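For reference, the chain that follows is the form predicted alone, supplied as structure tokens.
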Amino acid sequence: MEKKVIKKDALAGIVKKLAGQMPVYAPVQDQDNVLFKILEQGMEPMLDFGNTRNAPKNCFFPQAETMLKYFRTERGRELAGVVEGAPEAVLFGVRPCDARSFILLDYVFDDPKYKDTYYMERRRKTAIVTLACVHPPSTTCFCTSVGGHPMSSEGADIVLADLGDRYLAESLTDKGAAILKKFGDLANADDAALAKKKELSEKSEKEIKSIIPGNDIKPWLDANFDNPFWDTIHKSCLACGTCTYLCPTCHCFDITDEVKRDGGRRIRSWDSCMSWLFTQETSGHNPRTSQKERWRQRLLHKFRYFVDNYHAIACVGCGRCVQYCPVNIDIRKIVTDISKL
């Protein structure tokens, strides 16, 4: 695929011009946070930022979405149809850890047996432009411990690397090549640009200082469902769900019907395994009676069950759950402690 260079001061203008042609999700400043939002007139795409507070999974798997609508007739309720299909779009400025999360979400929503048409419709029609991490965005990053890399191209259609005075832009897919053409008449990348990227890639990997034994704990998890260790990790948890709602790979949801006199709609919305309602049955029984069971489920899902099903850890090492937990529960410490048992 093509490899181009973009002048440093030209990229923001290119992105804003593209936003005039199609929906572009981009990181923007929102008070004290950087968030992914649809770029509107007057908004500036962020190019120099650590990472967004919200994961970009919302672009494919919205926090709340209408799945279908129905209305009442003399014969009863009739289906009015699903919501209209998603438009062609661009998801710009995604960090490599978040781009890799889409591959993990694809395992769930594009399973050969159970394909989620809502997710896949958006996924197929959206080009992902990754902004490589020349330097780790945060001290809480641990992508290399779970199969990632700060300058990985996994999950991306285009990868941008900041070379200092310019960006190296590499299209990796046909979808990416089509979007790169919309960037305008760009110069071809020279050998110096490619060599610079390789040098930065090696340096960025060494700058990841947070290393955990993410691949080593599964045997212990397989054999220690009732180990007393589980009593030690949950006591400060508030069950707020911050770790799950900000996580790029958490994908649990609930489905509810909003019924009005003349019809209604079916809505899918995010849910959290940290909530006591998550596993409450109609009878009132709840098999996970405390945060102990819920935290155990969170760890087992990411480092055991997902590995069993898809041969990958359901964590990309973005560090959001560590950075924003109000009581400082650190999944890195929990995994490290398990490895010492």
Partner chain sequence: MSIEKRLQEKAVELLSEKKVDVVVGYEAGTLPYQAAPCFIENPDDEGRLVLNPFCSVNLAKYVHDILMAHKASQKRMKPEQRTKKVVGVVARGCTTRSLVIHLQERQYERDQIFIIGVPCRGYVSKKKLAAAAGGKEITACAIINDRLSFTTPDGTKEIPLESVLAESCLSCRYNNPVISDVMVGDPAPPMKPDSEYADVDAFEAMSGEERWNYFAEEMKKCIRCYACRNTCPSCYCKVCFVEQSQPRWVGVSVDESDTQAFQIMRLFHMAGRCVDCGSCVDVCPMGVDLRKFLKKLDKDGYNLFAHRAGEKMEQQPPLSVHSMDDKDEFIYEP
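The structure presented is a predicted model; accordingly, all values stated were derived computationally and were not measured. Superpose the two forms; the largest set of C-alphas matching within 1.5 Å is the rigid core. Positions refer to the first chain, counted from 1.
From this point on, the text means the form predicted in complex with the partner chain, which you will not see here.
For the candidate spot formed by Ser138, Cys240 and Val327, every residue has a non-hydrogen atom within 4.5 angstroms of the partner chain in the predicted complex. Although the partner is absent here, Asp191 lies well away from the partner chain in the predicted complex, with no heavy atom inside 4.5 Å. Mapping the unseen interface onto this chain, Leu35 counts among the residues with a heavy atom inside 4.5 Å of the partner chain in the predicted complex. Of the heavy atoms in Glu258, some are within 4.5 Å of the partner chain in the predicted complex. At a distance threshold of 4.5 angstroms between non-hydrogen atoms, Lys235 is in contact with the partner chain in the predicted complex. Ser269 is the sole member of Ser269, Ser153, Thr173, Asn215 with a non-hydrogen atom within 4.5 Å of the partner chain in the predicted complex. Checking Lys198, Arg265, Lys182, Lys125 for any heavy atom within 4.5 Å of the partner chain in the predicted complex turns up a single hit: Arg265. With the partner chain omitted here, the record of contacts in the predicted complex names 250 to 258 of 162 to 170, 250 to 258, 143 to 151, 95 to 103, defined by a heavy atom within 4.5 Å.
Relative to the superposed core, Lys115 undergoes a C-alpha shift smaller than 2 Å between this form and the one not shown. Annotation for Lys260: C-alpha shift of 2 angstroms or more between this form and the one not shown, rigid core superposed.
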